[in-house]
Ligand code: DC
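Given as structure tokens, the chain that follows is alone and in the form predicted on its own.
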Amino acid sequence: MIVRKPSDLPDHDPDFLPDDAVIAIDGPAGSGKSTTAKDLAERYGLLYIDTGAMYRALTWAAREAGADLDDGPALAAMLSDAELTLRPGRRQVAVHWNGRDVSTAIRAPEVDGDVSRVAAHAEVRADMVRRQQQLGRSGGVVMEGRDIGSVVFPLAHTKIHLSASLEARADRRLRQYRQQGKDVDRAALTADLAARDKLDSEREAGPLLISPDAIIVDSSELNLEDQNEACARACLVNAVADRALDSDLDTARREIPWHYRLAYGVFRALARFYGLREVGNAGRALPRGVVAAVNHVSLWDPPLVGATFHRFRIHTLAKRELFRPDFPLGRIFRMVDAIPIRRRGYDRTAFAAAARGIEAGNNLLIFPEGTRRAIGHPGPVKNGLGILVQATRAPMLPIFIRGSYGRHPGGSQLSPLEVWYGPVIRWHALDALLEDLDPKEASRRIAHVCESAFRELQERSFAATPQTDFERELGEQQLKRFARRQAKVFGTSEKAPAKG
């Protein structure tokens, strides 16, 4: 779906938007992200945070110091030592670098020309992302930039990719400079924007890409008022869809047949025994028609996550080794419509059965990493998730489980047993992306959304209860061991995830 005018989207009650919503706006330079973000913040009573100003501030400081803009470690060290503060408001953001107000200086054309070089460094982006997440994780904000939805806030309530043609963006930027009394050559400005587009899209760290769960707004033919209105309506799309979700617990319990009651009873007894804590969906049933994507750390994950479900019926893609007669839970898995899958290669039969279940209005539980991962290092996600999403367009519900290692009756101090639910993720941009991307690349982008959701849910869990020494040490031990198993199961090898 590409929105080209406000009437492409219905006009809903603004009160539908939650007070703690995070609105993430991504897009190329000159697309009007800042102006629209300020308007949305004022319209919905949210705080506006200009993340681009943070990169501009570092660029300005580096230029002032005569630093090498291509030296990522040196720039990261300069940033680490600096006091960079934003004082967010609904219409203005004051930017201070080591106590100096640089709000005007960072808007100079020479800073514009260099900011993409500075932002391309992974070391710089890692520090900036951490600062941005601290500013906005409590919610109730509008953020704009190049990778806000894909990297900074993968679980944003609304992701908007705001775009416009190169010519339209050049005209807008030229008007801005002239209003500031600056004389800029249009051809040079257009060439600079094109170069920035190329650098932003091709950089290794946080490239500018359209996330498959973003709502694309093409404002090439829109005036500013209509652009703001189209984005304001886009902010309500997920809010309205969330209200329509069927997650009533009483109804779900009445629908459960006896064999599901038995299985869920066993799972919930295990969860109570080990002191499982549920966050994000407590007291509600699993919404209908979603792919519940769960990270995988131990063989106990399926029954412990299943203890939080209250919905008939749920198909589960599970490795076929679990269905052997001598495995204790194998009989229960068969009772609750689990689908055995061959993990090496593409199991067409298993994926076809899963797609049929989704299309029939049921749910699907999938562990998209394909095998167990080291504690504290979720991902990578295999292409199977993308294949299912492209075949069914089913929304995804990311779920993160922690602590299925280190279990202890009543709860463990070594590794707290928790299941964290994220928001339902809908694939608004997928059809538009498939017009230009091959299915494998689309699957990779879907996988990236899932991996980012796992990492964000993990960070939220660690923020509530810091990672323990047991988890950290066991995770490091597992990295090498699981890499060897990865090669054995899938016939491939992979790099160990970066620390931190």
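Keep in mind that what you see is a predicted model, and the values were worked out from it rather than measured. One-based numbering along the sequence shown.
Beyond what is shown, the protein has a form predicted in complex with the ligand; the following relates to that form.
Peer 1: For the interface check, one of 180-188, 109-117, 214-222, 134-142 should have non-hydrogen atoms within 4.5 Å of the ligand in the model of the complex; which one?
Peer 2: Looking at the partner contacts, the answer comes out as 109-117.
Peer 1: Could you check which residue among 196, 169, 161, 428 gets a heavy atom within 4.5 Å of the ligand in the model of the complex?
Peer 2: Exactly one residue meets the criterion: 196.
Peer 1: Considering the ligand in the model of the complex, which of 148, 231, 293, 375 comes within 4.5 Å of it through any heavy atom?
Peer 2: Contact check passes for 148.
Peer 1: Should residue 310 be classed as touching the ligand in the model of the complex when contacts are defined as heavy atoms within 4.5 Å?
Peer 2: Because no heavy atom of residue 310 falls inside 4.5 Å of the ligand in the model of the complex, the answer is no.
Peer 1: At the 4.5 Å heavy atom threshold, is residue 343 in contact with the ligand in the model of the complex?
Peer 2: Because no heavy atom of residue 343 falls inside 4.5 Å of the ligand in the model of the complex, the answer is no.
Peer 1: Taking any heavy atom pair closer than or equal to 4.5 Å as contact, tell me whether residue 475 reaches the ligand in the model of the complex.
Peer 2: Because no heavy atom of residue 475 falls inside 4.5 Å of the ligand in the model of the complex, the answer is no.
Peer 1: Please check if residue 200 has a heavy atom lying within 4.5 Å of any heavy atom of the ligand in the model of the complex.
Peer 2: Residue 200: contacts the ligand in the model of the complex.
Peer 1: Look at the candidate spot formed by 380, 445 and 455 and say whether the ligand comes within 4.5 Å of a heavy atom in all three of them in the model of the complex.
Peer 2: Looking in the model of the complex, the three residues 380, 445 and 455 all stay beyond 4.5 Å of the ligand (heavy atoms).
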